[in-house]
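First come two forms of one protein chain, each written alone as structure tokens, so that there is a structure 1 and a structure 2.
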Structure 1
Amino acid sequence: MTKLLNRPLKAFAFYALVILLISVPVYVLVVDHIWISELDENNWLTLQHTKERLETGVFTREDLEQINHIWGELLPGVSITKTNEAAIRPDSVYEILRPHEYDTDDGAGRFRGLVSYLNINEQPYQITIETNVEEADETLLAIAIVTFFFFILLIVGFILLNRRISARSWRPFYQTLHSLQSFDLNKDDNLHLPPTDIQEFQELNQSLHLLVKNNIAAYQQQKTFTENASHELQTPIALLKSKLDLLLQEKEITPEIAEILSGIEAPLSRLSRINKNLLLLAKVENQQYSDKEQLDIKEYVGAALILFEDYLNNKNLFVRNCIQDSILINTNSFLLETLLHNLLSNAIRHTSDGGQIRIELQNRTIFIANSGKQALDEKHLFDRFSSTSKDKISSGLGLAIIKEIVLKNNWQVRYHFDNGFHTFAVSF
């Protein structure tokens, strides 16, 4: 995964590399053009000076041969040869590749020449001036090396400047991110964000403040409503159950009425369980179980198995408790008891008659597995009122309570289905 700050740096580096690679042949062409222009100008000035001296002087044929011989020894690129009127042409420039007389390297050299004509002693002569041109491959290599050096220098500068500018400009963003990561909706009343003089980050902080403020208000209203509603429902539910029990105890009640009353008892019991679990969730979220102590998981598992013994016998379930060693954890006793009870009741509910339940404890992780036929929906497994079971007595809040207890204690809970067993693992 690439950081946002490094993406423009990579783009800039690639763009700079492409531009510099394109610039190398452009540099070569420009330098070569300038070099040729200078050579042509130098050859032309040399030609004009030479023609002026030759045309104004008086030279015999032997003198010209002697001059041509001396030039051939000292300046091989300059020569004067006798010609005829028919061969006279306008001045011209040419390029030729041929071995250099004084160059020991193999290969042909590149020469730029200028050809002109003049009259000496009323006789036509052809004068040629040649100059060796710098090798193109050597120029290309030199420019490429210099370009590569400046490219490295450019990239190093990009990196240093990017780090310095980014560290200063993005500091408010990382401070805001840290504040968001450490913010707990259950504990904090407001989100504290650092001040910044960057307009975009200031607008971001203002939007976050407004968003968090609204979410805190909605969350507090939801918690207050859930807690108050659960408290208020306890009394009428208890009255309904007592009245229902009194009606069932009446002697003159008909079988039809008794069946109707029995049908009311099941949903009323489920309503009572939902109410109690909602109240428990509200208390857990409100940090009402903050008292902690060192507790032995082995003892609490044993006590829970004794509590569910009748349910296990009714379904003829085989329980294999593999916990041998005692492990102490620092938590609230009621929350640990509730966690184990919900895990075991969930395992019992999802196990068919005659099935198996396994309990193991390894490396501060408890595994509670029960036999089953197909995996549960992991995406919505810990959602409130998720339909993971067709049990009409279930409140649909057991796994949500497990998740909330785990979060409050900074534990971890996982689920997987393998070899015909549902397994819930809680790491302390």
Structure 2
Amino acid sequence: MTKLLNRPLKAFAFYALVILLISVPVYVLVVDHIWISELDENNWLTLQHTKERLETGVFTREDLEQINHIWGELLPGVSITKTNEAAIRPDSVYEILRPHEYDTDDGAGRFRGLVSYLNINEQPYQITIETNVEEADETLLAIAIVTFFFFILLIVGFILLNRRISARSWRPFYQTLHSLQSFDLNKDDNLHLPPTDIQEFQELNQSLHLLVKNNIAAYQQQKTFTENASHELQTPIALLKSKLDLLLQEKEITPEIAEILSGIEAPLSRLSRINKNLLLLAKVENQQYSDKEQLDIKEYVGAALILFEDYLNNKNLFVRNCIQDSILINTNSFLLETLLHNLLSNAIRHTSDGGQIRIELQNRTIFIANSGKQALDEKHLFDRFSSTSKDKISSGLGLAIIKEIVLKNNWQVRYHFDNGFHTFAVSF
């Protein structure tokens, strides 16, 4: 994954490199061309000047040899030599590589020469003018170095500019991203996005606002619906229960009717439980238990074990409570009680007769383990109504409530199965 702003930077850098690489030979050709045409012009001017003077002046053969000798001594680039008629050709330009007279370290130097012919005293002479030119490879090297230097300058500039742009123009985008990342439908009732003067970001923020607003509304609606629905169900359930109580008092209840009546009681009790739990879940979600105080886990576990004593004894369950030290946590007492009751009642219900329940407390984490045979499906364990067992009494909400309580308190709950023990661990 690359960051958004690094991608164009890479492309820009690559493009700049290609263009600059192409530019190097082009520069070399252009500079060389200018060099050479300038030199040729210079040679030609010198030639014209020299020719004119030689043709208008009166020189003997000896004079000319003298001049050539002096030129050879003083100006090694110019020479005049006698030639014959047959060798006369039009003016020509040549290039030659030969060692410098003085600059011997540099290896061979490049020379540009102009050859011309003229008649002095009716005699044909050849005149040569030679000038040192910068070698093409030296030009190439110099231009390459300069180009590379500018390339580095360009990249540094790109990076700095990029940083500035990212810090300025993209700031609202990153703020929006951050807001979205930290948004929690469970906790927040609004998405706070920073104002921006960039049109695209403004549009993005508006769309996000609308989207989140609709989501929050739908979520709220769902929560209120659950709460209202379970409220409405309370009364009919209460009526069913009281009618059943009255029915039991009837004088002429045959064993058959009695059996049907007790068959009604169990599902009614389950219905009541589900409804109660849905209501509880909705209330926990709506943060209705926000009073917090310092509570001792040890005390609460002890109290819960006393409450469940009958059920433990009835199934001959062996409880090993290894909690020794008191640990204080800051939370709502009803929620802590509900959490522990749910964990323990789960453990009791799902352990077969004569099984074991182990309670431990380590580093602010409580482990409640019960013996069992098969690991549970961890993925959907904490979902609503995902009960993996065919347990008739389960409301299917116990673990969902545990998860919700844990979430509201910023705790953590984990499940693992090992050595024949289901373990639920809650870290406070």
Partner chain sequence: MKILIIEDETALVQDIIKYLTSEQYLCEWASDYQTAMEKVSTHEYDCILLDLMLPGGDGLSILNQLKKQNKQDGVIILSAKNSIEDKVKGLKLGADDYLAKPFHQAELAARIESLIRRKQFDSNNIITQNELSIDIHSKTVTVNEHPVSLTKKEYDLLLFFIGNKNRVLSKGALAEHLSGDFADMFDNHDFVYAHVKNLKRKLKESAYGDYIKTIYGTGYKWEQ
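C-alpha atoms forming the largest set that superposes within 1.5 Å between two forms make up the rigid core. Bear in mind the structure is a predicted one, so any value in this text is a computation, not a measurement. Reference numbering: structure 1, starting with residue 1.
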Worksheet entry | Correct structure when looking for the form predicted together with the partner chain | 2
Discussion item. Using the rigid core as the reference frame, would you say E360 shifts its C-alpha by 2 Å or more between structures 1 and 2?
Written reply: no
Worksheet item: Rigid core fitted, is the C-alpha displacement of T46 between structures 1 and 2 2 Å or more?
Response: yes
Practice prompt. Using a superposition on the rigid core, decide whether the Cα position of N409 changes by 2 angstroms or more between structures 1 and 2.
Written response: no
Practice prompt. Superpose on the rigid core and then read off how far the CA of E122 has moved between structures 1 and 2, in Å.
Written response: 22.2
Worksheet item: Taking the rigid core as the frame of reference, how far in Å is the Cα of F173 displaced between structures 1 and 2?
Response: 3.5
